[in-house]
Each structure stands twice: as structure tokens, then as C-alpha cells.
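Just one chain follows, in the form predicted alone, and it is written as C-alpha cells.
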């Protein structure tokens, strides 16, 4: 009886050990096929930063600057305070080097920019489309180009540089000022030292007989005051009036030789980090802010020019279409050179849109 009991206990112990060993094998236990797998954990919500930086060249008091401030205000309002954009004016995030802003947004060092197309063009050539000499005869022609979709190709190019375009603002038509004489013909430009910003404007001024000098905006007022340069070219309401250029310049010529658009853009990785509902509200803020920015830029233009004439003592010259022809003929090679760089298909789309507005 004892031997039978012992054999039974030994057999039971061996069976138990075998079962335990099988359960602890490297493969582990498997669930029955019909039991299914447990539901995966919900993906975490994207983490928003406490602050998103927006860079722009100018002071917040300018028409350009007010557009950046309005965008920041509307983003906060429309997202219910979830996204906070802080505006950094006067290119302070890039030490005053306005040409570096697109590069810094591309890299993600800065989140947003409200930047002039002329400052983006050295990095992305397509953006010279807006500034081609004498392309646009009027603001209506500019609006036609944007509304037709011709400018969409520029935002498509922006994505290749890790940025997303959100909207178009306006710095305006660039007019020329100087301290020497009225400019009514190309001969009047000969030898004048004119501050410019980009290679295209250097080529334009050279074609017209002027001496172009590249210079950051922060140095311009003092240089005009001291006579280091004779003149500069910029939009009236966007730059000339708010920066009191009239204090150091006697003559201004309205010739609409180049148009300066503003691009509101965001780093692509930052944009993709936003949930869809936040993206929609930011885009809404961009649309409304840029509409507001264009309205205030154009509203005061007539009054501003009159103020320069009557209150500030500037001699303001308006060129007729006939007077403009010699300028247009001289810069045609420059137009063709940069049209190639922009892309002839893009330029044709702009030209076709302009033709519909005439």
C-alpha cells in the first residue's frame, strides 16, 4: 500500500513539473484564436508649445506689422487660447539680417514668418514673380493674379523648403525717393546711389544707370541722413511714411516699378504637429488677418501721398504711361533673366492674369 502511494505521489509531482515547465517556456501562452487581441492604446494628443514665434522685418506700428499682430491675436482667439503666437518685429530673431528669416523658418528655428517676397526670393527663386519690373500696372492686376491661382505655384515651391503658405499680404508698390533731383526719365537716375536689397533690384538699378548699394534696412535712415546713399525704393504706406523717410529725402517718384507681396508661412513640421481643428482655425486667422492687412495698407495710400506733398514738403512726381516706356524698355533684359529663374510657366500665368485686369 505504501509503495502504491509513493508511486502515485511521484507521478503526480512529475506531471505537475511538466505542466509548469510548459507554461513558462519562451513562447509563453497564446490566447485562443477566437479571443482576439486587446484594443491598442489611444494615440496621445499632440503637445502644443507654450509659444510660437513669428518673425517679420518691420515694427509692429507699420501696416505690415499690424498684419502680423492681427494674425497673432486672431490665432489666440480662434483656437480658444490653445495656440499663442508671439510677434518678433524688426528681424530681431535674426540679428537684423532680414534675408535669413526664410532659412530659419525652413529649419524650424522660427515657427512663422510674415515676410516680403523679395526677401524669400534669394532662397526660393519662384518668389521673384511678384517683383518682376513693371509686371503689374495696378492693384487690380495684383488681385487678379492672386485670385486666378497664379500665385499658388509659389506656395507649392515653399513646401519643397519645409514650409507651408497660409496667405498673401501686401507691402505695396515700390516707389523711389532721393535727395538729388526729380526722377522723370532714366537719365535722372544716372549715378545716383540707391539702396536696394536683392540681386534682382541690383540688376534693375544698374540697367537704369543708377549705382545700387545693398544694405540692411536698419542702416538706411542714417545713411540717407549722412549722404552715404542718395536714395532708396520702398512702398509708401508700408515703409516710407511710418519710417519717416520724408525727413531725410526731398523727392519721390511714383512709378510702380515693382510690387512687394507679403507671404504668411509656417514651418511644415510645426504645421503638421497641429490637430486638424487647430489647423482650420489658424488658416481662418491667416485669411482674416491678411484681408485686414491689405485693407489698411490701401486705405491710407491716397491720403498718405497727399500728406507727403502738403505737410512734409516732398516733391512727388507721378509718371505717365508714356514716361514709363523708356524705363520698361531698359529693364526688359532683367525681366527676361529673372522670368527664366522664376519659371516661364509661372510668369505666363501671372501675365495672363494681369491681362484680364486691364
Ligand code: X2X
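Because the structure is a prediction, the values reported are computed rather than measured. Positions refer to the first chain, counted from 1.
From this point on, the text means the form predicted together with the ligand, which you will not see here.
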**Request:** Decide whether residue 126 counts as a contact residue for the ligand in the predicted complex under a heavy atom distance cut-off of 4.5 Å.
**Result:** no
**Request:** Answer for residue 119 alone: is it within 4.5 Å of the ligand in the predicted complex, judged on heavy atom distances?
**Result:** yes
**Message:** I'd like to check something about residue 253: if you look in the predicted complex, is any of its heavy atoms closer than or equal to 4.5 Å to a heavy atom of the ligand?
**Reply:** no
**Request:** Examine residue 217 and determine whether its closest non-hydrogen atom to the ligand in the predicted complex is within 4.5 angstroms.
**Result:** yes
**Asked** Non-hydrogen atoms within 4.5 angstroms of the ligand in the predicted complex: do 98, 171 and 239 all have one?
**Response** yes
**Request:** Please name which of the stretches 177-185, 231-239, 150-158, 268-276 has residues with heavy atoms lying within 4.5 Å of the ligand in the predicted complex.
**Result:** 231-239
**Asked** Taking the ligand in the predicted complex as the reference, which of 290, 331, 308, 58 has a non-hydrogen atom within 4.5 Å?
**Response** 58
**Request:** Note that the ligand is not shown here; using its position in the predicted complex, name the residues of 180-195 with a heavy atom within 4.5 Å of it, in sequence order.
**Result:** 195
